[in-house]
Each structure stands twice: as structure tokens, then as C-alpha cells.
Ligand SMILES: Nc1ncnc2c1ncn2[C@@H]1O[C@H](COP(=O)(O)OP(=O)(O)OP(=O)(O)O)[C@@H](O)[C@H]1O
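Only one chain is given next, in C-alpha cells, and it is the form predicted alone.
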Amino acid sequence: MSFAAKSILEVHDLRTYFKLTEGTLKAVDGVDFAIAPRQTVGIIGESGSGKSVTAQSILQIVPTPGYIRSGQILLSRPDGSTTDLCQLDPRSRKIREIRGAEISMVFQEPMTSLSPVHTIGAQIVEAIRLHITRDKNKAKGLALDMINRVGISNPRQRFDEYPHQLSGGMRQRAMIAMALSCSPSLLIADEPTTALDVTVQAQILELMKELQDEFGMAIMYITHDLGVIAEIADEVNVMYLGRVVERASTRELFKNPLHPYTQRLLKSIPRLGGRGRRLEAIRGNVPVPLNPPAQCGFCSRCDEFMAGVCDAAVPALVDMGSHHHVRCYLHSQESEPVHA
């Protein structure tokens, strides 16, 4: 698949597997997408669709026994060069120089990501001293400035506080401050507002937009919440069972969803004026991709299932025009080659 020349990140045919005693779990199974400078790309799908493992693959932090089986993750560097992250050792100095400096990540639950025995300020200063300056005073000044920029009141007081002393919204702001302290080219946000109430969620989303405008970074936003995607994303990649099944601009996706899975996701959203109307839940559950057969991953839950077609091969991701791609035999008879 070809992408525009100006991309911060390009992912080509990424396959990340987990070797288990029961067989091979194909968490990410042939993913392609690109992120341009200043662009926000949404990755949506149910739990188990491979969203978080895709992000872990980009940063080379896939947990054992997972590994990147094949593919390319091409990062455009500040010096104009391009690095394939798949070729870097997860423990190498090269990937550690990229993590935090060029690509940062905000996780869903900051209490599991922030150290409980170090102050907020100390953790932000550590990131700055690792990537920007070894000078303690300069690093502290930059940290205080960043704490202030993300809207945390009384920066000097919060600098010396521990994560458990902050509210959930404040902890998430502290995580964002740490992620942006080194002005990365790309921010990966893995469901950063899921555990927050609606009011704080709206504040965090607005903060991320403001900081994106200020720093000029691209954002890869992972979520299962279509409302959040409609608010923040320029382009959406819908993932199901380790594959992108539909890609389009946010406006196009909500206006004209082509894949049955995307259509069902949109029908499951509560709507204004829908009082007394039952939500249309998707029947069944996401299968476990353990030794998956060569077929459409959604065929066991799809109302449009065609026997002998959908269960006979994997449909290819095809451009239907206007940069709207879909992986479905209802729209194209093209299949993917078989992979071991």
C-alpha cells in the first residue's frame, strides 16, 4: 500500500504474534496505515482487536512472549532520515533515544504508568534530562513550565507531590506533561480518557488539541469510543481481529460506513431523540485470534455473511475512492495472499 510522501510514521504489513503453548496468537495480522505531521489518526475497535499491541509494536514494548513477525514501521526523523523501528533491538540505545523524545505515549491508567515512589516533578525531570539537557536547574524549569501548560494549578506545589496525591484528571495531565516534555513528533494516546468522568474527559481532549496546535505534533489516538473519535480525529482506522477493516476521513466514515462491522458500531451508539428505542448491539464476541483460519475475521458475527466466500479467504483492503478503504467481499472480490 502506498502513502503520501509526507508522513511522520508509516506502518506496512505489520504482523505481531504471540507464541503460546496452544499455538500462535496473531494479535496484529497485516496492518497498514500512515500518520502525517499535525494529523490526528484514530484507531478504533473492540477490546481484542489489536489496537494496543499495534502501539506497543511501534515503541518496541511488546510484552513477552510477543514478537514482531514481519513488516515495517518507518519513522521520519528530525534530521531527514528514515528509520525502520522493526529493525531495532527493543533493548537497544537507538530505540530508547526515540522513545519519549520522538514518540511519546500516554496510557489509559496513569497510576500503572507513573512511579508511586517518585514525585511528579522528579519523573518529568528525568525524561527531560535523558533527552534534552543534563542541567538539573534547566530541566526543573522546563518541567515546571510544562506542568503549568497542561493546566495543573500551583505547579511548584504539584511538582513535589506524588501520584496518589492527585485526582484522576490531574494524574492524566501529569502523564501528558511528561509525554510532551521533550516535544515529540508523534504522541500515541492509548484510551487516555476511558477512566475519567465526562467533564474531565472533555477537558483532556481540549487540552490535547491545544497542545497539538502549539507543538505541531501528530497524534495516534486509540479508543473504542466513537464519540471521542468524532471529536478529535482527522482520519479513522477501524480495526477488527488484528486487521484494519475500514479507513476513511472521520466525516466520510460517519456519513458513509461501508464495512458491516463499522455500520454495526455506529448503530450501537445512543442518539438524541432515541428514547425508548433499543440499541442494536453486535451479536457474539470478538474471537480469540489463536491459529485463525484464512477467512474474514468478522464472518461469524456478520448479518451479510456469504457462505463459501467470506469463510474461504481473507478479503483485501481496497480503495473505494476518495481515500476510503474497506476490507469486505460486499465491495470487492480481491483477496489477500495466504500468510503462514
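One-based numbering along the sequence shown. All of these numbers come straight from a predicted model, not from anything done at the bench.
The following text describes the form predicted together with the named molecule, which does not appear among the structures shown.
Remark: of stretches 308-316, 32-40, 46-54, 293-301, the one touching the named molecule in the predicted bound form is 46-54 (heavy atom within 4.5 Å). Contact annotation: of the candidates C328, L14, L9, L25, the single residue with a non-hydrogen atom within 4.5 angstroms of the named molecule in the predicted bound form is L25. Checked against the named molecule in the predicted bound form, the residues E191, E126, D234, E252 give one hit for a heavy atom within 4.5 Å, which is E191. Proximity of P63 to the named molecule in the predicted bound form: non-hydrogen atoms within 4.5 Å are present.
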